[in-house]
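First, one chain by itself in C-alpha coordinates, the form predicted alone.
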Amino acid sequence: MVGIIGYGAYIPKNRIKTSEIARVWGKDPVNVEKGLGVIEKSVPSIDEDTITISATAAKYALKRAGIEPEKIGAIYIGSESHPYVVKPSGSVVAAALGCEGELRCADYEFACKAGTAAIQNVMGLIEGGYIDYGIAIGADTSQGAPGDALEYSAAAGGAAFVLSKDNKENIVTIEETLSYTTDTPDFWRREHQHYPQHGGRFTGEPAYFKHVGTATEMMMKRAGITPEDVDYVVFHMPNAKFPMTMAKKLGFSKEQIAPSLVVKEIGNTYSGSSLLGLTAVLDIAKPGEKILMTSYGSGAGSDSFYMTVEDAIERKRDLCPKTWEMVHEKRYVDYATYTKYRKKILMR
(Lines give C-alpha, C1' and ligand atoms only; values in the text may rest on other atoms or scores of the structure.)
Protein backbone atom coordinates (compact mmCIF):
# COMPACT_ATOMS: atom_id res chain seq x y z
CA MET A 1 0.00 0.00 0.00
CA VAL A 2 1.11 3.57 -0.64
CA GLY A 3 2.50 5.35 2.36
CA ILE A 4 4.43 8.41 3.45
CA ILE A 5 8.14 7.59 3.84
CA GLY A 6 9.32 11.13 4.57
CA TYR A 7 7.78 14.39 5.72
CA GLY A 8 8.94 17.93 6.34
CA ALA A 9 7.51 21.25 7.46
CA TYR A 10 8.54 24.87 7.22
CA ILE A 11 7.10 27.90 9.02
CA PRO A 12 8.58 31.41 8.66
CA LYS A 13 9.99 32.80 11.91
CA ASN A 14 8.26 36.18 11.71
CA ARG A 15 5.08 36.63 13.74
CA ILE A 16 2.55 39.39 14.17
CA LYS A 17 0.09 39.35 17.04
CA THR A 18 -3.59 39.60 16.18
CA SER A 19 -3.78 42.28 18.88
CA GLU A 20 -1.33 44.41 16.84
CA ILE A 21 -3.54 44.13 13.75
CA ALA A 22 -6.61 44.92 15.85
CA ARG A 23 -4.86 48.00 17.31
CA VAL A 24 -4.22 49.44 13.87
CA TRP A 25 -7.83 48.98 12.77
CA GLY A 26 -9.43 50.08 16.03
CA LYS A 27 -10.81 46.66 16.92
CA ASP A 28 -11.05 45.09 20.37
CA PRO A 29 -8.09 42.66 20.52
CA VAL A 30 -9.80 40.51 23.15
CA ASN A 31 -12.83 39.98 20.95
CA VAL A 32 -10.63 39.23 17.92
CA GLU A 33 -8.59 36.60 19.76
CA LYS A 34 -11.67 35.09 21.36
CA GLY A 35 -13.59 35.00 18.08
CA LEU A 36 -10.84 33.27 16.09
CA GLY A 37 -8.86 31.46 18.76
CA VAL A 38 -5.74 32.80 17.02
CA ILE A 39 -3.18 34.68 19.13
CA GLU A 40 -0.64 35.42 16.39
CA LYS A 41 0.22 34.40 12.85
CA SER A 42 3.32 33.69 10.77
CA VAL A 43 4.57 36.29 8.30
CA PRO A 44 6.90 35.47 5.39
CA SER A 45 10.03 37.59 5.11
CA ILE A 46 10.47 39.70 2.02
CA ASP A 47 12.51 36.91 0.37
CA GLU A 48 10.15 34.04 1.30
CA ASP A 49 7.38 32.71 -0.93
CA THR A 50 5.61 29.48 -1.80
CA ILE A 51 8.66 28.23 -3.69
CA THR A 52 11.16 28.77 -0.86
CA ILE A 53 8.75 27.31 1.69
CA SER A 54 8.12 24.27 -0.54
CA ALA A 55 11.80 23.69 -1.23
CA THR A 56 12.76 23.77 2.46
CA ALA A 57 9.92 21.48 3.53
CA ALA A 58 10.74 19.07 0.67
CA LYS A 59 14.44 18.95 1.64
CA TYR A 60 13.42 17.87 5.14
CA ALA A 61 11.01 15.31 3.69
CA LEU A 62 13.75 13.83 1.48
CA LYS A 63 16.13 13.61 4.44
CA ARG A 64 13.57 11.66 6.45
CA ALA A 65 12.80 9.47 3.43
CA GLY A 66 16.49 8.62 3.06
CA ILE A 67 16.44 8.48 -0.75
CA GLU A 68 18.35 10.32 -3.47
CA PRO A 69 16.52 13.20 -5.20
CA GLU A 70 17.07 11.52 -8.58
CA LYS A 71 14.59 8.81 -7.60
CA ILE A 72 11.68 11.26 -7.40
CA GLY A 73 9.30 10.73 -10.32
CA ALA A 74 6.78 13.50 -9.63
CA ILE A 75 6.48 16.80 -7.78
CA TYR A 76 3.09 18.43 -7.29
CA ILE A 77 2.65 21.65 -5.33
CA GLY A 78 -0.74 22.84 -4.12
CA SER A 79 -1.05 26.54 -3.32
CA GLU A 80 -3.23 29.64 -3.61
CA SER A 81 -0.15 31.86 -3.83
CA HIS A 82 2.15 30.54 -6.55
CA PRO A 83 4.63 33.35 -7.30
CA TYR A 84 4.02 33.08 -11.05
CA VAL A 85 0.76 33.08 -12.97
CA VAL A 86 2.52 31.49 -15.95
CA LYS A 87 5.52 29.41 -14.82
CA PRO A 88 5.36 26.51 -12.40
CA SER A 89 6.59 26.59 -8.84
CA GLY A 90 7.32 22.86 -9.13
CA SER A 91 10.10 23.16 -11.71
CA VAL A 92 11.99 25.62 -9.50
CA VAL A 93 11.61 23.35 -6.47
CA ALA A 94 12.77 20.38 -8.57
CA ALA A 95 15.92 22.30 -9.50
CA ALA A 96 16.54 23.22 -5.85
CA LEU A 97 16.18 19.57 -4.80
CA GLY A 98 18.28 18.19 -7.66
CA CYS A 99 15.59 16.10 -9.33
CA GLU A 100 15.20 17.78 -12.73
CA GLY A 101 14.93 15.57 -15.80
CA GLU A 102 12.44 12.75 -16.28
CA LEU A 103 9.89 14.16 -13.88
CA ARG A 104 6.14 14.69 -13.76
CA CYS A 105 5.54 18.18 -12.42
CA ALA A 106 2.55 20.50 -12.03
CA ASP A 107 1.10 23.17 -9.78
CA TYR A 108 -2.32 22.56 -8.26
CA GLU A 109 -5.09 24.88 -7.10
CA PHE A 110 -8.18 24.05 -5.08
CA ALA A 111 -8.10 26.70 -2.40
CA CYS A 112 -6.84 25.23 0.87
CA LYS A 113 -7.04 21.56 -0.14
CA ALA A 114 -4.69 21.71 -3.12
CA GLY A 115 -1.94 20.05 -1.07
CA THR A 116 -4.05 17.04 -0.15
CA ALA A 117 -5.17 16.78 -3.79
CA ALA A 118 -1.48 16.60 -4.68
CA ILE A 119 -1.07 13.66 -2.28
CA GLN A 120 -3.94 11.81 -3.95
CA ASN A 121 -2.46 12.35 -7.42
CA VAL A 122 0.98 11.12 -6.38
CA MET A 123 -0.71 8.08 -4.84
CA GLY A 124 -2.43 7.36 -8.16
CA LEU A 125 0.83 7.47 -10.10
CA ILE A 126 2.48 5.11 -7.62
CA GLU A 127 -0.46 2.71 -7.57
CA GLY A 128 -0.49 2.72 -11.37
CA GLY A 129 3.17 1.78 -11.51
CA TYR A 130 4.26 4.93 -13.32
CA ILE A 131 6.64 6.11 -10.59
CA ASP A 132 8.27 4.65 -7.48
CA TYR A 133 8.57 7.86 -5.47
CA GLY A 134 6.78 11.20 -5.59
CA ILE A 135 6.60 14.42 -3.59
CA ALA A 136 3.37 16.22 -2.69
CA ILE A 137 3.50 19.69 -1.17
CA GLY A 138 0.98 22.13 0.26
CA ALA A 139 2.31 25.64 0.90
CA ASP A 140 1.06 29.21 0.92
CA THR A 141 1.81 32.82 1.71
CA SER A 142 -1.87 33.57 2.04
CA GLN A 143 -3.55 36.91 1.41
CA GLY A 144 -5.90 39.07 3.44
CA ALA A 145 -6.95 42.60 2.48
CA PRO A 146 -5.99 45.36 4.96
CA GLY A 147 -8.65 45.55 7.64
CA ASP A 148 -10.52 42.48 6.39
CA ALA A 149 -11.37 39.65 8.77
CA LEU A 150 -8.98 37.39 6.83
CA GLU A 151 -6.01 39.60 7.73
CA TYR A 152 -6.08 38.35 11.32
CA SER A 153 -5.45 34.74 10.31
CA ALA A 154 -4.00 34.57 6.75
CA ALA A 155 -0.50 33.19 7.33
CA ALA A 156 2.45 31.41 5.70
CA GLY A 157 3.91 27.91 5.88
CA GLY A 158 3.85 24.52 4.28
CA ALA A 159 4.55 20.81 4.43
CA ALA A 160 5.94 18.21 2.04
CA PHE A 161 5.60 14.43 1.85
CA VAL A 162 7.55 11.76 0.00
CA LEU A 163 5.27 8.86 -0.95
CA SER A 164 6.13 5.32 -2.04
CA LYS A 165 5.05 1.68 -1.90
CA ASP A 166 8.29 0.80 -0.08
CA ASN A 167 6.33 -0.47 2.91
CA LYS A 168 9.30 -1.19 5.16
CA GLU A 169 10.11 2.55 5.01
CA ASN A 170 6.56 3.79 5.62
CA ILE A 171 6.13 6.36 8.35
CA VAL A 172 2.41 5.95 7.84
CA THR A 173 0.44 3.69 5.54
CA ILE A 174 -2.52 5.36 3.84
CA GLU A 175 -5.35 2.88 4.31
CA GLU A 176 -8.08 4.89 2.56
CA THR A 177 -8.67 8.24 0.88
CA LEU A 178 -11.77 9.85 -0.62
CA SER A 179 -13.10 13.26 -1.61
CA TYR A 180 -16.38 15.16 -1.36
CA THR A 181 -17.00 18.08 -3.76
CA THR A 182 -19.80 20.57 -4.51
CA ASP A 183 -20.13 23.99 -6.12
CA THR A 184 -20.25 26.11 -2.97
CA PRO A 185 -18.41 29.41 -3.68
CA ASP A 186 -17.82 30.69 -0.15
CA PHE A 187 -14.36 32.17 -0.88
CA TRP A 188 -12.85 33.23 -4.19
CA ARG A 189 -10.31 35.47 -5.96
CA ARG A 190 -10.64 36.49 -9.59
CA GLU A 191 -7.88 37.15 -12.11
CA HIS A 192 -5.98 40.42 -11.45
CA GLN A 193 -7.35 40.67 -7.90
CA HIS A 194 -4.70 40.64 -5.20
CA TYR A 195 -6.99 39.85 -2.30
CA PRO A 196 -9.75 37.22 -2.01
CA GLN A 197 -13.38 37.83 -1.18
CA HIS A 198 -15.50 35.67 1.07
CA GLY A 199 -19.09 34.98 1.97
CA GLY A 200 -18.67 35.94 5.62
CA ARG A 201 -21.02 33.91 7.79
CA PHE A 202 -21.61 31.40 4.97
CA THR A 203 -18.02 30.13 5.22
CA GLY A 204 -19.10 27.99 8.18
CA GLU A 205 -22.37 26.62 6.83
CA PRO A 206 -22.93 25.47 4.14
CA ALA A 207 -19.22 25.46 3.37
CA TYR A 208 -16.64 24.25 5.91
CA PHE A 209 -18.81 22.19 8.25
CA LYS A 210 -20.83 20.49 5.52
CA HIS A 211 -17.81 19.39 3.51
CA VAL A 212 -15.44 18.44 6.33
CA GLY A 213 -18.25 16.71 8.22
CA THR A 214 -19.58 14.82 5.20
CA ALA A 215 -16.14 13.68 3.99
CA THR A 216 -15.15 12.54 7.49
CA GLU A 217 -18.39 10.63 7.99
CA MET A 218 -17.96 9.00 4.57
CA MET A 219 -14.42 7.97 5.53
CA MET A 220 -15.47 6.48 8.86
CA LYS A 221 -18.20 4.50 7.10
CA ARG A 222 -15.84 3.26 4.37
CA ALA A 223 -13.10 2.31 6.82
CA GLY A 224 -15.58 0.79 9.26
CA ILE A 225 -14.39 2.90 12.18
CA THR A 226 -15.80 5.11 14.91
CA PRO A 227 -14.20 8.14 16.62
CA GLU A 228 -13.03 5.80 19.40
CA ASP A 229 -10.88 3.87 16.88
CA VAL A 230 -8.86 6.99 16.02
CA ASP A 231 -5.91 8.29 18.06
CA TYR A 232 -5.50 11.64 16.27
CA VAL A 233 -7.82 13.70 14.09
CA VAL A 234 -6.64 16.55 11.87
CA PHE A 235 -8.96 19.05 10.19
CA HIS A 236 -8.33 22.11 8.05
CA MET A 237 -7.79 25.09 10.36
CA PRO A 238 -9.12 28.43 9.04
CA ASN A 239 -9.16 29.39 12.73
CA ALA A 240 -9.08 27.46 16.00
CA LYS A 241 -12.83 27.39 16.58
CA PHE A 242 -13.94 25.63 13.38
CA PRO A 243 -11.88 22.42 13.75
CA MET A 244 -12.66 22.14 17.45
CA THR A 245 -16.38 22.58 16.78
CA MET A 246 -16.19 20.03 13.96
CA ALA A 247 -14.42 17.52 16.20
CA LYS A 248 -17.06 17.87 18.89
CA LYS A 249 -19.91 17.47 16.37
CA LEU A 250 -18.41 14.23 15.06
CA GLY A 251 -17.71 12.76 18.48
CA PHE A 252 -13.95 13.34 18.74
CA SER A 253 -12.37 14.55 21.96
CA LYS A 254 -10.16 17.58 22.59
CA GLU A 255 -7.26 15.21 23.24
CA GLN A 256 -7.61 13.73 19.76
CA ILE A 257 -7.45 17.07 17.94
CA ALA A 258 -5.30 19.27 20.21
CA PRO A 259 -1.85 18.09 18.97
CA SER A 260 -2.64 19.31 15.43
CA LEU A 261 -3.92 22.79 16.31
CA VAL A 262 -0.90 24.84 15.23
CA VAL A 263 -3.32 27.48 13.94
CA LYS A 264 -3.51 29.08 17.38
CA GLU A 265 0.06 30.30 17.10
CA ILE A 266 0.73 30.57 13.36
CA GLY A 267 -2.66 31.30 11.79
CA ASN A 268 -4.21 29.74 8.69
CA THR A 269 -1.53 28.58 6.24
CA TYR A 270 -4.18 27.69 3.64
CA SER A 271 -2.83 24.79 1.53
CA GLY A 272 -0.35 24.05 4.30
CA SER A 273 -2.94 24.09 7.09
CA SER A 274 -4.15 20.50 7.50
CA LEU A 275 -0.76 19.20 6.30
CA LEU A 276 1.11 21.10 9.02
CA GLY A 277 -1.40 19.65 11.46
CA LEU A 278 -0.45 16.21 10.17
CA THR A 279 3.30 16.83 10.53
CA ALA A 280 2.72 18.00 14.11
CA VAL A 281 0.95 14.72 14.84
CA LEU A 282 3.63 12.63 13.12
CA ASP A 283 6.21 14.24 15.41
CA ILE A 284 4.61 12.49 18.41
CA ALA A 285 2.60 9.53 17.06
CA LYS A 286 3.53 5.96 17.99
CA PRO A 287 3.57 2.86 15.78
CA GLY A 288 0.13 1.29 15.46
CA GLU A 289 -1.78 4.50 16.16
CA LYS A 290 -4.47 5.71 13.74
CA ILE A 291 -4.77 9.16 12.17
CA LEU A 292 -7.80 10.61 10.39
CA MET A 293 -7.20 13.80 8.40
CA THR A 294 -9.74 15.83 6.42
CA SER A 295 -8.78 18.96 4.51
CA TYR A 296 -11.07 21.66 3.16
CA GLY A 297 -10.86 23.90 0.12
CA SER A 298 -13.30 26.65 -0.74
CA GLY A 299 -15.19 26.16 -3.94
CA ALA A 300 -15.75 23.62 -2.30
CA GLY A 301 -14.40 20.23 -1.33
CA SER A 302 -12.69 18.04 1.25
CA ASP A 303 -10.17 15.20 0.97
CA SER A 304 -10.15 12.65 3.77
CA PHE A 305 -7.38 10.19 4.68
CA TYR A 306 -7.24 7.30 7.15
CA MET A 307 -3.70 6.29 8.09
CA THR A 308 -1.80 3.85 10.29
CA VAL A 309 1.49 4.87 11.91
CA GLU A 310 4.34 2.44 11.21
CA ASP A 311 7.58 1.48 12.99
CA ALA A 312 9.82 3.63 10.77
CA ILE A 313 8.49 6.76 12.47
CA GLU A 314 10.70 6.07 15.49
CA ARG A 315 13.98 6.31 13.57
CA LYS A 316 12.97 9.11 11.20
CA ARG A 317 11.15 11.82 13.09
CA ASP A 318 14.23 13.24 14.87
CA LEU A 319 16.23 13.67 11.63
CA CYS A 320 14.78 17.15 10.96
CA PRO A 321 13.23 20.06 12.88
CA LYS A 322 9.80 19.28 14.31
CA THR A 323 6.71 21.33 13.61
CA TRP A 324 6.02 22.65 17.11
CA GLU A 325 9.73 23.56 17.39
CA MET A 326 9.27 25.79 14.34
CA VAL A 327 6.06 27.22 15.79
CA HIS A 328 7.93 28.32 18.91
CA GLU A 329 10.99 29.69 17.06
CA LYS A 330 9.83 33.21 16.27
CA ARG A 331 10.49 36.93 16.14
CA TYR A 332 7.78 39.57 16.27
CA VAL A 333 7.18 42.33 13.73
CA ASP A 334 4.94 45.38 13.95
CA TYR A 335 2.17 46.21 11.50
CA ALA A 336 4.36 48.56 9.45
CA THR A 337 6.99 45.86 8.90
CA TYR A 338 4.25 43.33 8.18
CA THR A 339 2.76 45.53 5.43
CA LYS A 340 6.23 46.00 3.93
CA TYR A 341 6.95 42.27 3.87
CA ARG A 342 3.54 41.48 2.41
CA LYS A 343 3.85 44.34 -0.11
CA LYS A 344 0.53 45.82 1.00
CA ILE A 345 1.94 49.34 0.89
CA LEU A 346 2.34 49.11 -2.89
CA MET A 347 -1.24 47.92 -3.49
CA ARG A 348 -3.95 50.28 -4.75
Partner chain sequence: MSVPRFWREIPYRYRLIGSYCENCKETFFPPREICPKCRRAGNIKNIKLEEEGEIFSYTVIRTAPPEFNTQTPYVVALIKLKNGPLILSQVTDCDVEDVEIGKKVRMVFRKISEDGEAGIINYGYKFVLAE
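Predicted model, so just to flag it, every value in this text is computed and none were measured. Residue numbers count along the first chain shown, from 1.
The same protein also has a form predicted in complex with its partner chain, omitted here; what follows describes it.
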Inset, instruction - Pick the stretch from 155 to 163, 130 to 138, 93 to 101, 274 to 282 whose residues have a heavy atom within 4.5 Å of its partner chain in the predicted bound form. - result: 93 to 101
Inset, instruction - Decide whether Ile46 counts as a contact residue for its partner chain in the predicted bound form under a heavy atom distance cut-off of 4.5 Å. - result: yes
Inset, instruction - Indicate whether its partner chain has at least one heavy atom within 4.5 Å of a heavy atom of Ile313 in the predicted bound form. - result: no
Legend entry - Non-hydrogen atom contact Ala55 with its partner chain in the predicted bound form at 4.5 angstroms: yes
Inset, instruction - Check whether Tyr84 has any heavy atom within 4.5 Å of a heavy atom of its partner chain in the predicted bound form, and answer yes or no. - result: yes
Inset, instruction - Scan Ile39, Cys320, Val309, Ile51 and let me know which has any heavy atom within 4.5 Å of its partner chain in the predicted bound form. - result: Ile51
